[in-house]
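A lone chain, given as structure tokens: the form predicted on its own.
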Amino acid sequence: MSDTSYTLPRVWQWESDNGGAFAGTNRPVAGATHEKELPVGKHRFQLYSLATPNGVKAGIMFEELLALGHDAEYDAWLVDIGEGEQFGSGFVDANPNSKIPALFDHGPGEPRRVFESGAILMYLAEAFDALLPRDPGARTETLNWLFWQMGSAAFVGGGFGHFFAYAPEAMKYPIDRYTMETKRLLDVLDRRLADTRYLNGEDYSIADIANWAWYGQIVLGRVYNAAEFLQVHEYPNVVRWAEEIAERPAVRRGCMVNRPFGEPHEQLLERHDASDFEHKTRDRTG
């Protein structure tokens, strides 16, 4: 099939076997496809996720909070989107949009659900008064960049990533369209980071966590294997920032949480205790 072989119908019809990687992870209706309760561990916070760029944000956030000394222990449960676990009734109750990550706070009162990765970052930052500045100017700048990333994710993930890495065949028009937009967004970041160490200035924040999960991992070659294609050396400030954040111990741990792919020592399917990083990765027997 070439770029010109498609004839636009008068009325669109869904074809469940539409080809491409992850074709079965989406459908044109919402709601659960089957009954399945979510597991609940011993900690206040219950995270249901997968180590995609959106998914790692929550794991990194929890590990950063713990590194700062906060009482932010959590259970992290793997949601296998390839098997349709995001359409289970329990997960749909956690996130009616059936996307990871989703969080339940089992603190005082009724359990509280939080969905959308940006909302989870902001919720936890406010709950622990951490990684979100109190100063109005710095706080506003942090939220500017947090919501900028949330708004741009569709272009980079659902747009560039889908057509570059997952579509059943290469198609010039959508790849050109979304590559152009991804490079423009990288340039936006690069210009900002030419003047500042972190996105809100000199303080590491939830804005950096959110943006690093996508743009940092892209320029480091961790997402879509597209660093050469995108010529990421053209964005030296983004590369510098990405490399610095990648060295943070909490970031390294957070990227392992709910990770069923990559090297065995990087895979921690579930996380229930800090010792799991030493004893429960795929290359361990404990």
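These figures come from a predicted structure and were not determined experimentally. Each residue number is its position in the shown sequence, starting from 1.
The discussion below concerns the form predicted together with a further copy of the same chain, not included here.
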Check your understanding: Considering a further copy of the same chain in the predicted bound form, which of 104, 163, 77, 74 comes within 4.5 Å of it through any heavy atom?
Key -> 163
Point to revise | a further copy of the same chain: the contacting residue among 34, 252, 42, 27 in the predicted bound form [heavy atom, 4.5 Å] | key: 27
**Study point:** Non-hydrogen atom within 4.5 angstroms of a further copy of the same chain in the predicted bound form for each of 8, 168 and 188
**Key:** yes
Exercise for review: Give a yes or no for residue 150: in the predicted bound form, does one of its heavy atoms lie within 4.5 Å of a heavy atom belonging to a further copy of the same chain?
Suggested key: yes
Exercise for review: Considering only heavy atoms, tell me if residue 194 and a further copy of the same chain come within 4.5 Å of each other in the predicted bound form.
Suggested key: no
Exercise for review: Spell out, yes or no, whether the shortest heavy atom distance between residue 178 and a further copy of the same chain in the predicted bound form is within 4.5 Å.
Suggested key: yes
Practice item. Using a 4.5 Å heavy atom cut-off, state whether residue 228 contacts a further copy of the same chain in the predicted bound form. Key: yes
Point to revise | Residues in 114 to 149 close to a further copy of the same chain in the predicted bound form, defined by a heavy atom within 4.5 Å, in order | key: 114, 115, 116, 118, 119, 122, 123, 126, 136, 137, 139, 140, 141, 143, 144, 145, 146, 147, 148
